[in-house]
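Presented below, as structure tokens, is a lone chain in the form predicted on its own.
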Amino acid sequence: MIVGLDMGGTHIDAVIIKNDKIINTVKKPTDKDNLFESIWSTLEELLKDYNKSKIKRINLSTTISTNAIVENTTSPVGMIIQSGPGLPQDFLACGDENVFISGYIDHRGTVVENWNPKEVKEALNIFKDKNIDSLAIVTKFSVRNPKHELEIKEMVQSSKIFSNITLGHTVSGKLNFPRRVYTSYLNSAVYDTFNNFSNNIKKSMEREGINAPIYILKADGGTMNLYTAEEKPVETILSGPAASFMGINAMLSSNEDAILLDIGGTTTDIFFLADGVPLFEPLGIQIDKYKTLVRAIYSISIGLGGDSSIDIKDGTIKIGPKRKGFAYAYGGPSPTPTDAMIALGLMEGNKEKAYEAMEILGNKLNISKKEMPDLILNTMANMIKNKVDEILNKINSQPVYTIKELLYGKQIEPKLINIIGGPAKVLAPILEKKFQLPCYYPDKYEVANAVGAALAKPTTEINMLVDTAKGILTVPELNIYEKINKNYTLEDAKKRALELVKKSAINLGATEEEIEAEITEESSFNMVRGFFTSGKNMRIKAQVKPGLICDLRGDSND
């Protein structure tokens, strides 16, 4: 049995999949004041009639880290940043205290100027005085040579001030220094929050006698084991949209250009396929105001869902972006699209209360309560279409990056819409008319994101640099800095990259048969000194493709 659980802003969805079929589902409201208890009570209900010893794995997508950022409850972080010459420092400041130190390593990994221990000691005194116990150390070309980051870490560890320390070269092998600074900051900022959550999960599982391994969904649609997630919690941010995408992909596969929608209670997540392949963020996602190096499926989230609050302003309907609570028909404070669906008899609920909500809105527009539900759902569909059109215009004006490759000159021209989430069945025919495209939803549309979480498999990416003049091969994400001979070739490098990326995936919990490793980027050029070639510089990027553990059986589309 595989268990999948997706924690959304409104509901927690959970499924059990056995022999490629869904055998049990649970959907419960999210208690935002106690997210751990929400998850645990959902798992208890899901598993109560099943043999827990038969669980092979539990895959979770969680908003724990995202919520900490959105609600500004992250830990204060001290930043030690070595930016080197020629770069303004102000825009790099992101921690609660930022200390810029001297020293410099150049782009080939050569130490030009050593760091100053006195400056680091002064930084520690500042952090200690302000009770800052989360730290990130980032030096500019640390992916080429992490010497300064490692030496500074060794020094500060002896102070025993910090509960966690993030080193810049461990968050990604990509070069972008500002994004590395922000990614390191966010990793330390959410470290304690995520580790508190994971410790509670582990204790509860031990108490209940569940020995199955736990995996956490990443923003790129892959999974990582809980141990890795504890070290790199920044990768868990936006795991919710990733679960949505994987769920749609699992239940409604396509080889066409397509629009994918997950319409939940609080938000609508929008994705796109290019010839059946998901669009990707080429550099990394933006989290809050910070651009990061976190790999992610391209997605846009808008504050529009079944429980979005509806107001009338200047004679027009305004839906969202806030959710003030449950629908009016369920005792909530204000009318919502869910009330419109209940009033039309398309969802179960207190119809009398739903009509009361429609009457409140109708009186402000001088129309009858019977006309309001259609007006609300049409407005909702128009809002989705306008946003999709806006995003498509933006995507089609720039290079299209997919999880496989960069598609030069590709224009996304959707041929269909695949939709999941609670309102999917009701909105599908309305969206079909608005877009003039066929709109499909699966049988279990209401828990599809939990299916996506359950079936996601581990994935990873590495960035390799080979410098034959210096005789060194580096893979920063794996802390690999090894010597090579001067005759090392591009073929040698590609072979080594595939070996390493497979090994990395196995360490994340993948099995040999799950791994699809590939080279996604490769380049090699001669380095010339004087009139002679001194060596070759090779850059290789390899990945294990995100994908599904298995195809579901017995599902059909409407």
Partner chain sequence: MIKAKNKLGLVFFPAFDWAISPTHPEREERLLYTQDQIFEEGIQDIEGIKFFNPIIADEKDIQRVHFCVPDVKSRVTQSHLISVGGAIKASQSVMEKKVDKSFALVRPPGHHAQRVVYGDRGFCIVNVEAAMLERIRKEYGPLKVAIVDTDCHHGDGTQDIYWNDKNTLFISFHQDGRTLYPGTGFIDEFGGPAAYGYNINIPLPPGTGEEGFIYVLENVVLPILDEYKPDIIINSAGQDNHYTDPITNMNFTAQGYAKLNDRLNPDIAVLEGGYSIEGALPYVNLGIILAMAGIDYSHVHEPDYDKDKLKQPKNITEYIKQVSEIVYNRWKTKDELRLKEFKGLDNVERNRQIYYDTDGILETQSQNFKICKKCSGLNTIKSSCDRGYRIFAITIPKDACSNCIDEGYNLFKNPNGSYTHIYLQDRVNDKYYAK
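Since the model is a prediction, treat every value here as computed from it, not as a measurement. Positions refer to the first chain, counted from 1.
Another form, the form predicted together with its partner chain, is not on view; read the next lines as being about it.
- Look at 438-446, 120-128, 136-144, 94-102: in the predicted bound form, residues with non-hydrogen atoms within 4.5 angstroms of its partner chain sit in 136-144.
- Contact with its partner chain in the predicted bound form, judged by any heavy atom within 4.5 Å, is made by just one of Met205, Leu375, Leu226, Leu175: Leu175.
- Taking a 4.5 Å heavy atom cutoff to its partner chain in the predicted bound form, the contact residue among Lys433, Lys483, Lys486, His107 is His107.
- Using a 4.5 angstroms heavy atom cutoff to its partner chain in the predicted bound form, none of His11, Asn67 and Gly315 count as contacting.
- Residue contact with its partner chain in the predicted bound form: Lys48 places no heavy atom within 4.5 Å of it.
- Its partner chain is not shown here, but in the predicted bound form it comes within 4.5 Å of a heavy atom of Tyr182.
- Using a 4.5 angstroms threshold between heavy atoms, Lys545 stays clear of its partner chain in the predicted bound form.
- Put simply, Thr74 is far from its partner chain in the predicted bound form: not one heavy atom of it is within 4.5 Å.
- Residues are counted as partner-facing when one of their heavy atoms sits within 4.5 Å of its partner chain in the predicted bound form; in 504-532 these are Phe525, Asn526, Met527, Val528, Arg529, Phe531, in sequence order.
- Relative to the shown form, the CA atoms of Asn463 and Ile395 are brought 3 Å or more closer together in the predicted bound form.
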